[in-house]
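In structure tokens, one chain follows: the form predicted alone.
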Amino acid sequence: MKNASRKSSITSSITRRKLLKASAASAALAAFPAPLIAQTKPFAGVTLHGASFQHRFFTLLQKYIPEFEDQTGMKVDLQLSSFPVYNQQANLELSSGGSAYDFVNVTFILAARWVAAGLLANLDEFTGDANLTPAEWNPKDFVDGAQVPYRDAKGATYGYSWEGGAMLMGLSRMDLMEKKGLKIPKTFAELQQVCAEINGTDGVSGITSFQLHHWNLPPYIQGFGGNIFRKPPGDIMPTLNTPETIQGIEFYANLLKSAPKGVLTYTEDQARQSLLTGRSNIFIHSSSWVTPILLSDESKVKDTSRVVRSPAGPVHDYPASNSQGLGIPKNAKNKKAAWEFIKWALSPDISMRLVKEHGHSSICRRSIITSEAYRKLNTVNGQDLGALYLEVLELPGKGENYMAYRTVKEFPIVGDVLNKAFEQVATGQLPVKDAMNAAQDQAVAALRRAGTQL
């Protein structure tokens, strides 16, 4: 009887009363009940075609997909490519109105473009139908800050987040800092001081970073009151040469004077290794890249490390955050079947299994992040890493969405210009004002060539 109830959710003919009964039975079995699967398997024989870029989440999810296939009778063809290849292929497929995919990753930096262009299905039509989505799936359980990129101007939802990235600061050599009487920096000024004083001590660099400057740099620009665009998403005039933006760029360039030689070409992994081996004292990046100093067996500095909030600027405290979502193309052939997959993949049950069985922590369901099991696994040396992650991840959902600059369709063009300009500043090829005046002109010209009305 229990199994029969657990398999009854995706039939269109089932009544809400039966669904509620089934939900109650499942809730009695476990704190995070598995999704209900149709007894009649209405989508049996369907092959779902989905695509994303390669990521640990999908590598882990593939271990569970045979369970989904057994329960539904469907087959899942999940195609994983490198990040740039996936984005190029998916963008072309969706923009041309293709129907090759039933579900796709909604890439953070492309989300606004795809949503605004009407390339994705409105998922409210699925979550609002009790016959398609049981109450315990609870769409409001997803952290609001992680959901912001997947909503249109009217608040309709076009994706649900499966991965969250929250910018944190890792410090690997607290022992050196304590010997010098230095405290954990909480402001930009304190950060500059700590990096300069540690740099060179016992061969340790003050800070490390990597070559994706348009991810690392904006929190400093915003910290001084600047931004990438005038007021995104409505006003996307670039603002690369304002006094506040120039101040942020100059600050970050000076900060990197305490970084290892060659840091401008560092990959993320090189920067991570620099932190894990204690060759660099500070790394500010998404939690999944920073927390390994406490969690990874590779770390040689577990006993001398701390993970904390990144320092605040004199005007704003805007640590970067992002998320990746799953959505359904507007022209998908099997929308309801695809929703069954998304509902299953992002269910409380699968989310908790990923945490408990694989230690995968960068998920976006609040009920999981705040659960005792999650907290127990992610509290190290008295530091509640989950609480830090949640605090930063939900910031853009409160008040001003300061991450809006990154989800507008114009960002990739302006971000490339910003990257090149910063390299000119950091290498001393151009004074910061000259570089940013030129960058502003280049960004405006590039957007106009792309057809953007400014």
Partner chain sequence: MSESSLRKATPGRLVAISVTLLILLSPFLWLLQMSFKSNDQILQFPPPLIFTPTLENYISLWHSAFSASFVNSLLSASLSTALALLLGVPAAYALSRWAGRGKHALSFAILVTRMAPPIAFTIPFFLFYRWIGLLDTITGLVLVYTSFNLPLVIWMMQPFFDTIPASLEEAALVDGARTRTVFTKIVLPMVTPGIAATAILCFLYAWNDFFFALILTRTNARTAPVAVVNFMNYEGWEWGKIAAGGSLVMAPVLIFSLAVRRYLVSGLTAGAVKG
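Residue numbers count along the first chain shown, from 1. This is a predicted model, so every value here is computed, not measured.
Not pictured, yet referred to below: the form predicted in complex with the partner chain.
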**Asked** Would residue 138 count as a contact of the partner chain in the model of the complex, using a 4.5 angstroms cut-off between non-hydrogen atoms?
**Response** no
**Message:** At 4.5 Å between heavy atoms, is residue 289 in contact with the partner chain in the model of the complex?
**Reply:** yes
**Message:** Test of understanding: in the model of the complex, would residue 213 fall inside 4.5 Å of the partner chain by heavy atoms?
**Reply:** no
**Message:** Taking any heavy atom pair closer than or equal to 4.5 Å as contact, tell me whether residue 85 reaches the partner chain in the model of the complex.
**Reply:** yes
**Request:** Tell me, out of 174, 121, 253, 80, which residue has a non-hydrogen atom within 4.5 angstroms of the partner chain in the model of the complex.
**Result:** 80
**Prompt:** Taking the partner chain in the model of the complex as the reference, which of 117, 308, 264, 92 has a non-hydrogen atom within 4.5 Å?
**Reply:** 92
**Asked** Honest question, do 98, 269 and 322 all end up within 4.5 Å of the partner chain in the model of the complex by heavy atom distance?
**Response** yes
**Request:** Specify the contacting stretch among 407-415, 390-398, 423-431, 46-54, defined as having any heavy atom within 4.5 Å of the partner chain in the model of the complex.
**Result:** 46-54
